[in-house]
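Given as structure tokens, the chain that follows is alone and in the form predicted alone.
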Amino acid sequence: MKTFAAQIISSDGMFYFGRLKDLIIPAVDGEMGVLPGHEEMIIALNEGIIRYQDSKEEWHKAAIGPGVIQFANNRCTIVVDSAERPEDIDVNRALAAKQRAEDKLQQKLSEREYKLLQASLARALTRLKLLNQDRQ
């Protein structure tokens, strides 16, 4: 069974450290899979859902913020703004954040405020999408 070393680092600290068999990431130009022996790369990541299969062949999911992935010498390092497991997400808080962002986006805003609210809305929607996928 081939695996590769992986670490996922968020602004809160180490999110995952171990060996993976498979990894699916939200790259800027769409979802992308990473397997052992993948070619070397550095790619920007969008906010979205990351899926990974550990060496015990169990699949896991997480909501991640924007970041970057580097794969070299059969080692993967992912650095993201945030990473959350489904069980760590409060659905009521995510729904409230979504509603606040949508309400504020209806107001006249500076470009900076608009971009920050877009990011907040994207984060809330990603959390809710992950929770919906986890229930299925």
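Computed from a predicted structure; not experimentally measured. Position 1 is the first residue in the sequence shown; the rest follow in order.
The form predicted together with a small molecule is left out here; the points below concern that form.
The contact residue chosen from Glu57, Glu111, Asp103, Asp88 relative to the small molecule in the predicted complex is Asp88, the criterion being a non-hydrogen atom within 4.5 angstroms. With the partner omitted here, the residue from Val34, Ile49, Ala83, Ile69 that has a non-hydrogen atom within 4.5 angstroms of the small molecule in the predicted complex is Ala83.
Comparing 26-34, 69-77, 92-100, 41-49 against the small molecule in the predicted complex, the single stretch with non-hydrogen atoms within 4.5 angstroms of it is 92-100. The closest heavy atom approach of Lys21 to the small molecule in the predicted complex falls outside 4.5 Å.
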